[in-house]
Ligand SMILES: Cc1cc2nc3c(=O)[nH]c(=O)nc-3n(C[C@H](O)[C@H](O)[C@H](O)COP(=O)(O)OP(=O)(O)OC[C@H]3O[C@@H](n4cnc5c(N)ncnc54)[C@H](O)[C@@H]3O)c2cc1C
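Shown next as structure tokens: one chain only, the form predicted on its own.
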């Protein structure tokens, strides 16, 4: 099919959905984005955009905007949480591919993509909730919460973890609690370097980096626990519990936690990668994008970049192949790669939380490896950061 003149409905005005909206509209599609929220508000906190995600933004014509509103990352440091001593430092400027490791506030990225989608000609409808999706006819049909029906010749589900389209294609699923909870907050900036710091401790870790030119500091802190918290981005944490969880950490980390009095708390749940990513109908199709297809835990900072990759691949395939072939190729390209990324994120979660002799051995090995081959740590992820989704067909 060709995208010029094609009518497309996207459910969800998140990162993946808005990036796709801009890309499709630039190819001449008539794009409508349905978002259940009544307004695009400043929600969430920091996001890391690695080179594989930044390439997509640049291909969408948003490279200058990204450079203007993001902090360019210079290094990643892994630290002993209790002592604050450095375990390993990875210099991103040595291995930077296109110099595109960035820290950005989620609200700033969403606004950049929203403006870009509208400028390209996409239409955004807020306060519009999809109640159900019917794929039994010739074209996808949406039943809205208002009671209205909407026919969508090409329907894209970019509606996240609780996607209506995902459940239509795959049935109900039951995520399981990982035994981890996460606090997330932004605090006032302190002039620290443009680096990711990962403070590692037994059964817990804390990640931090600057946002908005250093005006803010992003905090994500994870603790293992048997009791689970509701899977939500808005549940408020008891600050005393947060402080107690990281009381054994060195002074800088404790100071950041002390300031994070308004941290949000959520339980981390693992969702399986969707078995069915799309369905071709006699005169239409439906397909999943981003977290709706492949939810990930946040331990490799790849959630946003995976959604951006999806959008680039799907745009190219839809504009060059017949519908059924495009959907088949899309899943065959994306499912193995996203599975590998998710597995790497899960491995990070384990490695950050080592204790006892295993922790001592691992930290000693990392220090030795860093001294002997300082670029090797990053080279292990060339398969991830060196990928160019804009060329995938």
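Since this is a predicted model, take the numbers as computed values, not measurements. Numbering follows the first chain given and starts at 1.
Note that the form predicted together with this ligand isn't included here; everything after this is about it.
Only one of these stretches, 341 to 349, 32 to 40, 56 to 64, 320 to 328, has heavy atoms within 4.5 Å of this ligand in the predicted complex; which one is it? Contact criterion met by 32 to 40 only.
Please pick, from 298, 210, 116, 81, the one residue with any non-hydrogen atom lying within 4.5 angstroms of this ligand in the predicted complex. So the residue touching this ligand in the predicted complex, by this definition, is 298.
Heavy atom within 4.5 Å of this ligand in the predicted complex - residue from 216, 164, 135, 92: Only one listed residue qualifies here, and that residue is 164.
Might residue 140 be said to contact this ligand in the predicted complex, defining contact as any heavy atom within 4.5 Å? Residue 140: no, not in contact with this ligand in the predicted complex.
Contact label in the predicted complex: residue 268 to this ligand, heavy atom within 4.5 Å: The answer is yes: residue 268 has a heavy atom within 4.5 Å of this ligand.
Against this ligand in the predicted complex, would residue 303 count as a contact residue? Criterion: heavy atoms within 4.5 Å. Looking in the predicted complex, residue contacts with this ligand include residue 303, since a heavy atom lies within 4.5 Å.
Although this ligand is absent from this view, report whether residue 156 comes within 4.5 Å of it in the predicted complex, heavy atoms only. It does not: once this ligand is placed as it appears in the predicted complex, residue 156 has no heavy atom within 4.5 Å of it.
For the stretch 111 to 137, I need every residue with any heavy atom inside 4.5 Å of this ligand in the predicted complex, listed N to C. Heavy-atom contacts to this ligand in the predicted complex: 128, 129, 130.
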